[in-house]
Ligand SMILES: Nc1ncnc2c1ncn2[C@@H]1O[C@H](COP(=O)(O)OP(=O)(O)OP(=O)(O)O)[C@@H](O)[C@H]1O
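Single chain ahead, by itself, as structure tokens, in the form predicted on its own.
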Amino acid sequence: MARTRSVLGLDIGTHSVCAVELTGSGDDVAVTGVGWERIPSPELIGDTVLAMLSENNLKTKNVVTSVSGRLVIVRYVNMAEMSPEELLNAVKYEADKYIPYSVDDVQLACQQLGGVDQKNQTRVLLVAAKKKLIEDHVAMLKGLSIRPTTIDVDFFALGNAFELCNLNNRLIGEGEAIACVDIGSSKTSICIMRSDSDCFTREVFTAGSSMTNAVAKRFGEEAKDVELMKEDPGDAIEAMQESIMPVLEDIGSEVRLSFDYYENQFDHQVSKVFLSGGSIQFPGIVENLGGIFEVETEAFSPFEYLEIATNNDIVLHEKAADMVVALGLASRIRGM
């Protein structure tokens, strides 16, 4: 019998810190804690993390966190079928074909995806992250007396969150291809998948800060003041929506390119988009992006599909869109 344990998913972004605690065993898990806090300035990230954990009584020692950005490289390559140990050795030997960094400067991981084709080739997921990026991230956490058990990547966490919520096909039917698109402050993460058979991930560096800058330019305001305007736009809402629209079109264009690539590679059309991230909460963004994607689009509210054993209603409802990556990180509990 699997023993009960707890895992805390800790998502440290550029705009906010999010945490989700899952407790249980196997697929039988419940949300037993959540936390959200805005980061007032970069130099206060550590203080913000500690305050959020303390205020929400989140003391779980099993912490899963993540890295992302331009120093994380993801490639999908075809290689001969081999054991996991042989595969990692082969990837290390051939890494210079796939990544722009020396193999000595990166942390490598790989995983076979799907089956084997007629040429005895299998599709392999290769992830490389600069060691300095991981070391700096871990050092920051250790300085807060947090020792992460696992370092994940944001867009894989997106997919894991969706899979957790879609147990027994609660969100889509079996075999459908869907896209999870998370629009944060500094980046947009894209994860397209269909069951366990194929997957495509990508990051785009047009996101919420680009929207904020567009509004700031229109109104002649500072970015920090625009953040307050976005929370209570009042009579300025139409002008703000108009200012944001070109940024949404840029994001939509990049996401559509990702759809085209996926559909050409796997011969399956994306049937639905689940949007998340703090930047989708401004009025009209979900509807406008749905029109640009030309695919059914909805805001992803993950806590609707899970057992809830905590009463932090503000985070569970008002901040749900911002909590998806943290949930996906915590969902690692299913493999522990």
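Computed from a prediction, not measured in an experiment: that's the story for all the values here. Throughout, we count residues from 1 along the sequence that is shown.
What follows is about the form predicted in complex with this ligand, which we do not show.
Quiz item: Are all three of Thr201, Phe274 and Thr297 close to this ligand in the predicted bound form, meaning a heavy atom of each within 4.5 Å?
Solution: No residue of the spot touches this ligand in the predicted bound form.
Practice problem: Can you check 247-255, 100-108, 227-235, 133-141 and let me know which stretch has heavy atoms within 4.5 Å of this ligand in the predicted bound form? | Solution: Going by heavy atoms within 4.5 Å, the stretch is 227-235.
Quiz item: Taking heavy atoms and a 4.5 Å cut-off, does Gln281 contact this ligand in the predicted bound form?
Solution: Judged by the heavy-atom cut-off of 4.5 Å, Gln281 is in contact with this ligand in the predicted bound form.
Quiz item: Is there any non-hydrogen atom of Val181 lying within 4.5 Å of this ligand in the predicted bound form?
Solution: No.
Quiz item: So, in the predicted bound form, is Ser16 in contact with this ligand at a 4.5 angstroms heavy atom limit?
Solution: Answer yes; at least one heavy atom of Ser16 falls within 4.5 Å of this ligand in the predicted bound form.
Quiz prompt | Touches this ligand in the predicted bound form: Thr150 (any heavy atom, 4.5 Å) | solution = Contact with this ligand, no.
Practice problem: Consider the chain as shown here, without its partner, and state which of Gln241, Ser186, Thr122, Asn166 has a heavy atom within 4.5 Å of this ligand in the predicted bound form. | Solution: If I apply the 4.5 Å criterion carefully, the residue I get is Ser186.
Quiz item: Using a 4.5 Å cut-off on heavy atoms, which residues of 208-228 contact this ligand in the predicted bound form?
Solution: Going through 208-228 in order - heavy atoms within 4.5 Å of this ligand in the predicted bound form - the hits are Gly208, Ser209, Thr212, Glu227.
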